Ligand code: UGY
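Consider the single chain below, provided in structure tokens and representing the form predicted alone.
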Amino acid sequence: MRQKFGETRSSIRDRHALICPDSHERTILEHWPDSLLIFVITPQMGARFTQYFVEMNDGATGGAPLAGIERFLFVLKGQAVLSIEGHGHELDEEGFALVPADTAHTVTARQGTRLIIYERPYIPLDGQGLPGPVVGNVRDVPAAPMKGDEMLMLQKLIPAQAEFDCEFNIMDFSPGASLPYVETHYMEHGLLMLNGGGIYRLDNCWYPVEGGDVIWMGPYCGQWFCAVGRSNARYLIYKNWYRDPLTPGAGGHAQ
């Protein structure tokens, strides 16, 4: 829908950003032929990762990212086939995969497919081998109360093992549930609201959010969320993890 008065809910600040569907801009890249991309988080805003949507035509195929970059993908709509070094994996709605850096792979749309993708430079840990691929679906991942609160359920999509340098989680809030406190930490987040809505506090700004909204939270951005409405609010959230903050690339804004 055309905006008559230049309005948008999107807001870009020094340490956080809210990017809403009403301000999306589509682009193309060589390794995603027959697809449109919407970059919502990039190093140009201060992040150390990218987060983007991919809208794939039927049969479209995407290739691997740049050298040294690990990729997490999540199916929002449709179906896709992920081929990793010759092994095919069928992914339907809320299917996901973490593909390690420098791993040959392709993503092919079976039908009109929409993905959300995160990419970041992998940070190795001395004494640990490289991680293997992780492929699954949210429906098969057990949920547990966060800090004992059964109104706030957490699903961890990536194994809690030292070779992994990031986390991807699903947070599921019952109506009225909230984070237990305002978080401040050196990790950064990339968040996608999957469904429902609520209020997000980012530093001293308060934002109404709903399905389709994206949030970037930079290091030490104060953050808090409360679900508002009659249905659960769910989001997919990334953070860098399990690396000393003095490790190059482990914290802070992009250089």
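For clarity, every value in this text was computed on a predicted model and none was experimentally measured. Numbers for residues come from their place in the sequence shown, where the first is 1.
Form predicted in complex with the ligand: not shown, discussed below.
None of 226-234, 204-212, 183-191, 37-45 except one has non-hydrogen atoms within 4.5 angstroms of the ligand in the model of the complex; the exception is 183-191.
In the model of the complex, the ligand sits within 4.5 Å of a heavy atom belonging to Leu179. The ligand is not shown here, but in the model of the complex it comes within 4.5 Å of a heavy atom of Met171.
Contact check for Lys239: a non-hydrogen atom falls within 4.5 Å of the ligand in the model of the complex. In the model of the complex, the ligand stays beyond 4.5 Å of every heavy atom belonging to Leu157. Just one of Phe53, Tyr200, Phe49, Trp216 comes within 4.5 Å of the ligand in the model of the complex, counting any heavy atom, and that one is Tyr200. This chain lacks the partner; the member of Val135, Val81, Met146, Val141 within 4.5 angstroms of the ligand in the model of the complex by a non-hydrogen atom is Met146.
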